[in-house]
Structure formats: structure tokens, C-alpha cells
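A single chain, nothing else alongside it, follows as C-alpha cells in the form predicted alone.
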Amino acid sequence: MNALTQRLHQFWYQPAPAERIAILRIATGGFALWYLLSRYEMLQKLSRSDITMFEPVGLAKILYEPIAPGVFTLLLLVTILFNVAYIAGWKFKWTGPVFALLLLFLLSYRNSWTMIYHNRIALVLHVFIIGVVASADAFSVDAWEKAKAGAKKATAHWRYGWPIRLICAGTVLTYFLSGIAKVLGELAWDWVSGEAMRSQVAIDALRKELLGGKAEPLFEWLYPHAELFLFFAIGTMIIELGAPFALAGRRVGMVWAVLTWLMHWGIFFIMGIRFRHHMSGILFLPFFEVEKLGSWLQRVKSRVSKAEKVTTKQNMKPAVVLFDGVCNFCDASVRFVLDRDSKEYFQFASLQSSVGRRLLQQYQAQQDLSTIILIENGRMYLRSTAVLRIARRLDGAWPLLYGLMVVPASVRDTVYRWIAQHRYQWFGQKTVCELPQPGIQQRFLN
């Protein structure tokens, strides 16, 4: 019993730096402020709705009738002011709990009209937990005033660690309950077949078409491929029912957080449904040591600077991408990179070409048409690692994908191999390698 108690104590009361929960306070409070400001007009309009549509839920049940529009506007402005104080960490002992209660009431009131929106539940939970604990001992007005008075800087302590653990546990629980609901529903484990998800997505697309909208382009391509929905359904169940394992360790939690974040972006691209709190990544920040972001970026900047110096000394030797020359998907991927490589950093060669075979022999690699290969600065990179290293050199926001390097290569490569195995079936193939178009021939090695 003592061993179990000790393990529970270590789990819940692991020390954490004050900076970590302070960053969570700023990020979560910042999202809440964006929500209130961006929905300001909508919330005011809602307060003037037909009284017959009002059915109080949650904290709003203390009301017998809707709040007068003028009073509601005042309440909204007061909430925004406390939101700013929450972010700044000013008089946080009072402003933190008050803002948490105001936001809970405001969103309960918002859900009391026509329908309940569940996608803000996690935001309210996070704001509430952060608001009632010592979250302003760093990066705040309170901390600045204490430092000015000669107080010592806050050091790592369990009082900063347990609230973060509680936030992670609450987040994990919501996804786990979602998985349980699927298993206990009418379809039970048949949900894993992917047909239920496919039908749900199709109904959503049909509803949009009937109401004058338009289905997402990605859905139109995906719908005929039933096997992809099988993959998505299995992945969803693993993420939801496997959510408790995210509490087993920091690395497991980080991987789960990244995969869940990607799942929400997948929902957006397929169905156009925006879970903004989830898609922003703020919901998943508690699973990361966010206070180390500054030093990590500094190290990355230093490494990039050193790499640029080495590259300059090597007269900017272009990196070489080896690809399957008869694969339509690979060909489209090469054109995608060409369109976004304004610095002309990459050169290309098919794996079937004499140059491709010579490079494979030089780096003692087997000819595997199922993988893309990147040769950069004298090193060879395969599969998902090659893809992410290519992405970091492209124009626009594509370098952000390089952050997926935190996901273990074994996990990334499993997804990569599955796509590679079906690329001919899904996208087709050519009988011969096509010659590059005029104007980009110099980018292809013969």
C-alpha cells in the first residue's frame, strides 16, 4: 500500500517550474480573449434572442429568465477586463478565480440558447484549474512586483506540477469517454470498420450541398477509398481508448498530443469542422515542457547558423531527392516541391536512373522504390525523415511540419509505409519515366 501511495504521490506531485504553468496561463487566457472579442457581436445578438429559446444549463441555471441585453453587455465587458488581468497575472489571487467563474457563467449562458456547444468545455476546465492555483509566480505583473520588492525567483515546486497533471488528466479523460461512447453505442466495435465514419462524413457533405454549401474537396477524393476510412477509424479508436496511456510518461504524452492534434486537422480538411482550441495546439501544451521552447529555438537557430556556414563553405551544394520515377504520386510530390523551392535548393533524380543507382551504391543503400530518399550534406535520409527535412526548406508555412520530428521515426514510418504500399493502387503509375519539362531540366540529374 505504501508503494502505491508513493507512486501516486510521485505522479501527482512531480515538481515543475513556475514558468511552465505561467506560459499555460498566458496561452489559455489569450485564446479565451480571442474567443470573447471575435464573438462579441454574436454574443450581444444572442442576448436579444426570442425568450422562448432560452433554456438555462450549467451555471446559468441560477437564472429564471434571460439577462437584460444592457446588463449582459456590461457583464461581457467585465469578463474581458478580468480576462486581460488573468493574462497579465495582475492581482491573480483574486482576478484568476473571478475570471474563471465569469467565463464559466458566460459560456453556460451562451449554451442556454438553442443548442449546447461542447468544444469549449476543455477551455473552461483549463482556465478554471489555472485560475485557482499559483499560476502567476512567473511572467506576470505580480512576479515583477515581487522581484522589485526583493523576493526570490520562484523555483520548481510540486504546487506548479499538480495542476498541469490535473489538466492533462482532464484532457485525456474527455477523449477516453468519447471512445467509450463509441464502443457502447449501437455499432459497438463495428465502428472500427470505418463504414460508420464514412457514412457520417457523407451525411455531413450531403447536408452542406442541400443547404447551399459545398463539400470539402478532400472528401470528394477520399469517399471512394473505403480502406482509408478503416485506417482513420482504427487510428481514432487508438487515440481515444488509448488516451490514458498519455499519462504514462512525458514522451508518450507528447506523441499522443501530436497525433490527436493531427486528428483534428484531419477532421477540418475532410469535413471543414473547426475545433479552434484543439487545432491551435493550445489544448495540448500541458503535455510539453513549454518553458524550454525559448532555449530550444535558440539551439535550432544556432545549428541552422552553423549549417548555413558549412553550406556556404561547400558552395551551396544542392541536396538531391531520389524518387520513384513511374509513380504518379511521387511525380506530383516532386512538382509540389519544385513549386515551393524558390531557392532551388533541391535537385532530383529517379531511383531507376543511372544517377539514382550510382548514388544508392555510393551510400551503400538498397534500391527500394517504396521510399523517397534525401541526400543532404553528405548524409542519406529515408521515408518520413526525408519528407520532413524536405518540408523545412520549402516556402510558406511548410517548414512548421518539421516539428513532427518529435514523433518517433517508427511511428512516422509506419504511416509512411502504409501510404507507400497503396500509392500505385490509389494514384496509378506510368510505364516509363517522363522527361522533365523545359525550364526545370537543369534541376534533374541524368
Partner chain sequence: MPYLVGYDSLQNRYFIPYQYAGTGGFNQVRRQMRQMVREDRHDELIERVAQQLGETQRSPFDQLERVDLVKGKYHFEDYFLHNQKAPISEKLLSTRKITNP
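What you are looking at is a predicted structure, and each value in this text was computed from that prediction instead of being measured. Numbering follows the first chain given and starts at 1.
What follows is about the form predicted in complex with the partner chain, which we do not show.
Among heavy atoms of A248, none comes within 4.5 Å of the partner chain in the predicted bound form. The closest heavy atom approach of W189 to the partner chain in the predicted bound form falls outside 4.5 Å. Taking the partner from the other structure, the partner chain in the predicted bound form has no heavy atom within 4.5 Å of any heavy atom of D413.
Within this chain, E209 lines the site of the partner chain in the predicted bound form, having a heavy atom no more than 4.5 Å away.
Looking at the partner chain in the predicted bound form, residues T371, I419 and Q421 place no heavy atom within 4.5 Å of it. Put simply, of M254, A205, L360, I267 only one has a heavy atom within 4.5 Å of the partner chain in the predicted bound form, and it is A205.
Listed residues P224, P217, G150, G185 were compared with the partner chain in the predicted bound form; P224 is the one with a heavy atom within 4.5 Å. Segments offered: 83 to 91, 110 to 118, 350 to 358, 173 to 181. Contacting the partner chain in the predicted bound form at heavy atom distances within 4.5 Å is 110 to 118. Along 50 to 89, these residues reach a heavy atom to within 4.5 Å of the partner chain in the predicted bound form: D50, T52, M53, E55.
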